[in-house]
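In structure tokens, the next block holds one chain alone, the form predicted alone.
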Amino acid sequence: MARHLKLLVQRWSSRVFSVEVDGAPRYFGIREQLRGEPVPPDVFSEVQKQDRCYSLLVCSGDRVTGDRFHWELRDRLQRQLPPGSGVRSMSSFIPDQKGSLLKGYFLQSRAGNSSLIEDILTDLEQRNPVLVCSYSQSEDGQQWTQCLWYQSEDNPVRFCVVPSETPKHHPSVLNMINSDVFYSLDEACDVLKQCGDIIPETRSVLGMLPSSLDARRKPDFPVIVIEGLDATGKTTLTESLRDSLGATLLRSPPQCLSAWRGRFDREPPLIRRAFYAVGNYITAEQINQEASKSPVIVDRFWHSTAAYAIATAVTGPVSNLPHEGAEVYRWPGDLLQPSLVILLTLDPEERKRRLRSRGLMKTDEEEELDHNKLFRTRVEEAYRRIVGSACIALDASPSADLVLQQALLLIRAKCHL
């Protein structure tokens, strides 16, 4: 661990820092010496004179341990910090360097609370894999200084805080492959195996996998996946297609994992995404078995797993998403590819009306879809950018019968049924 921290600190001045403000990242950098007139970065623009700011960045060499600690850290900070201490998500990264992303939190303290906050942060730093920095401003409020707590207080490491250009890619993209989105069964299984001691249910989940999977085997009958946000009519359409085509209807994640979904939904993103990735491969084996006898209709598949993960990891406007054609949108090479993917689309207000009429409890992601237009737009755009098994959009606003007829026309044209 000490060597890992030392390597991080050696390139500290090369890093850019990102703080989430109003659902979008704001960036700043650091320099050993200031060049030119001081310009306070945007993230400090609303900080009152004499207030202090702090950052904590999780730097565990074990990504499962680090992700769990980061996930629990926000609750710990909110419980322990004095009232009025703002806690925002932040990250640090080296531009264009994959795997360089560190996640953490940015704190703003009111004047008079600094001593208590620093006691809490010192204790965290001594007991956990975190790098702590404090930020103070000059008398005129124009210059901010970052003090890295890695070395002793007798020899603090100080940097000038400077504005930074928006990077070419959102920082989350640097660590997204096989972390937010999984592209092989082995990668997802490796994460769950590392959780065996702390989450005993992982053994049961892994035990549901078949002994061998052959993604290259082409099914005898067409496989049609229906995608879309909740309340766009997926259930109605998939059941109608099953009856109209004499098909088998499957759902992802598969029913055999339903007993453990609640358990994994409480875990941090890395573990939760690995669980749903494994679910796609279990569904793929079910598809292979059923597609030898009849057409197969699938209610959601890898598209949903990937689209929601990408849209959650990347904050701000749609322009922050990885560019079209980026590696994150490619279909996993070891996962069965559907014959056709239909993406149901619906006006946001109509979708919310349908959700209200259901009266059902919403998931955290559904709550986010309702309250955050940018998140909803990112999810929909991520769906559209997936390649390998691209989605064909279908307007779900007409009557259920008309949507069914339009879907059948697509299936007959693309799958020759």
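Everything quoted here is computed from the prediction, not taken from an experiment. The first residue of the sequence shown is number 1, and the count goes up from there.
Another form, the form predicted together with a small molecule, is not on view; read the next lines as being about it.
Participant: Which one, 82-90, 250-258, 323-331, 117-125, holds residues whose non-hydrogen atoms are within 4.5 Å of the small molecule in the predicted complex?
Facilitator: After filtering at 4.5 Å, what remains is 250-258.
Participant: Can we say Y276, N280 and R300 each have a non-hydrogen atom within 4.5 Å of the small molecule in the predicted complex?
Facilitator: Contact check passed for all of Y276, N280 and R300.
Participant: Using a 4.5 Å heavy atom cut-off, state whether E201 contacts the small molecule in the predicted complex.
Facilitator: Flag for E201 set to no.
Participant: Considering only heavy atoms, tell me if Q337 and the small molecule come within 4.5 Å of each other in the predicted complex.
Facilitator: The answer is no: Q337 has no heavy atom within 4.5 Å of the small molecule.
Participant: Answer with yes or no whether K103 is in contact with the small molecule in the predicted complex, where contact means some heavy atom within 4.5 Å.
Facilitator: No.
Participant: With the partner left out here, check for me: in the predicted complex, does some heavy atom of D190 sit within 4.5 Å of the small molecule?
Facilitator: Because no heavy atom of D190 falls inside 4.5 Å of the small molecule in the predicted complex, the answer is no.
Participant: Only one of W144, W149, Y308, Y183 gets a heavy atom within 4.5 Å of the small molecule in the predicted complex. Which one?
Facilitator: Result of the distance check: Y308.
Participant: Tell me, out of S109, S304, S240, S134, which residue has a non-hydrogen atom within 4.5 angstroms of the small molecule in the predicted complex.
Facilitator: Partner contact (heavy atom, 4.5 Å) among the options: S304.
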